[in-house]
Ligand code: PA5
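Next up: just one chain, as structure tokens, the form predicted on its own.
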Amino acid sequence: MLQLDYRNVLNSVIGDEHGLELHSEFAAYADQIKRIIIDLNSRKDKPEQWLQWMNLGYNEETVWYVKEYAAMVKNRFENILVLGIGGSALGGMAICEALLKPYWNMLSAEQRNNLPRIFFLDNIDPDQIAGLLDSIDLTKTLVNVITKSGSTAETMSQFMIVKDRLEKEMGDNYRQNIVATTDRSTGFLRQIAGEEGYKTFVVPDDVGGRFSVFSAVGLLPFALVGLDVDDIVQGVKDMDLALKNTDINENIAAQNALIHYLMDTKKGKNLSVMMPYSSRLKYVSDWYVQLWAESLGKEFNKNGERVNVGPTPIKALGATDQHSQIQLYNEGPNDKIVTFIRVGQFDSTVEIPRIFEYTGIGYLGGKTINDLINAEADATKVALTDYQRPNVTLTLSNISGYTLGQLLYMLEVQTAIAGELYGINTFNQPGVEQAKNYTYALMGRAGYEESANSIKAKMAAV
């Protein structure tokens, strides 16, 4: 199972000013944590609680449908193009980057076992969109458009562009190149899919985008590129079973949630750095940033009191960011807690040849890159601790569908528990919705005329 090492947040290691006496803290919060875990699990089947993501590991029907569809379209497409933003893309990007062979899209069809390349169009930069669409053959591309509401301006504008090009190139046959993942019964994309006859998959009710990676939002792209969705889901289920344990001494999600909460509220560490020591896990940090920021950054608590809470997540990558951020982490403000992600066993071992032995770099010869990246991680952890900077380490035995399922689900549960500790609604996002509504107004969506006039007046006054 996924391992959590929290020794470097202890006051016995980094001192009383910046460290925690976790034995007493765990005891003090034991009953509250128990109530939170019981409450989350008791509410997960109730409507409008936004906790259905806790059931996704057990949705065998969805797993069966995505595997069946992937088998039906196997060898028909050279490319998968995922249109989505935020939670509709970040989880898929994280797991595909971790589990597919490195540089997947650059490999030959033979090297990919004739499985398709996959592209995530997760922004609306015009140069990126034009460049990608000019680089792939859309007639040989399966387009998966993902938006639960069907009104996400970024995703639907992308879709309108791609659909127009497909129709011009393929005529009425373009429909076979589109699959939509959206709400079960409502929304513009559901309406369009019904009228046009697209194959569809469902974003379940009461599952927010940032918690949707183990629904068809993520599982469909994974199946299409040949990833073992059963292995991923098994990791989710096994971690879910472990995290039902109400004893904080045995529940790593509860432990890490409480550690981050106390570091923020008691020690002033309101920045949360996610730093995997594996390039394959790079996008896990991007996914975590959305999960942590949108879930915990809230103006009001559940009682309607203004609290303006939320630790700010920061993404980093070891060893790359030892050369860009660690100077600040060690000697700048002591306002951060760093989470390292370590890999016990890499898939490859790369030896460093015994050359240049007459120079000062000769000591590297005969060792491996594996030795080096592990030494870099150990050295960074110890250096941070020397500077009394709190850090925790999550260790995966290896990188597989099973361990990725465990990791991401644990971080989801950790986030839910942290939200309860802060006393906020973890699952809404009013700050995001306001900006979305302003965008609708500025782009001329019907019903937003008054808002558009107000925004334009504000912009003119600046």
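Not measured: the values here are computed from a predicted model. Residue positions are given as counts along the sequence shown, with the first one as 1.
In what follows, reference is made to the form predicted in complex with ligand PA5, a form of this protein that is not presented.
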| query | finding |
| --- | --- |
| Contact residue in the model of the complex, from 62, 52, 403, 429 (heavy atom within 4.5 Å of ligand PA5) | 429 |
| Interface residue in the model of the complex among 157, 279, 370, 149, criterion: non-hydrogen atom within 4.5 angstroms of ligand PA5 | 149 |
| Partner proximity in the model of the complex: residue 210 to ligand PA5, non-hydrogen atom cutoff 4.5 Å | yes |
| Residue 85 within 4.5 Å of ligand PA5 in the model of the complex, heavy atoms | yes |
| 4.5 Å heavy atom contact, residue 436 to ligand PA5 in the model of the complex | yes |
| Distance check, residue 294 to ligand PA5 in the model of the complex, heavy atom within 4.5 Å | yes |
| Proximity to ligand PA5 in the model of the complex (heavy atom, within 4.5 Å), stretch among 140 to 148, 301 to 309, 239 to 247, 193 to 201 | 140 to 148 |
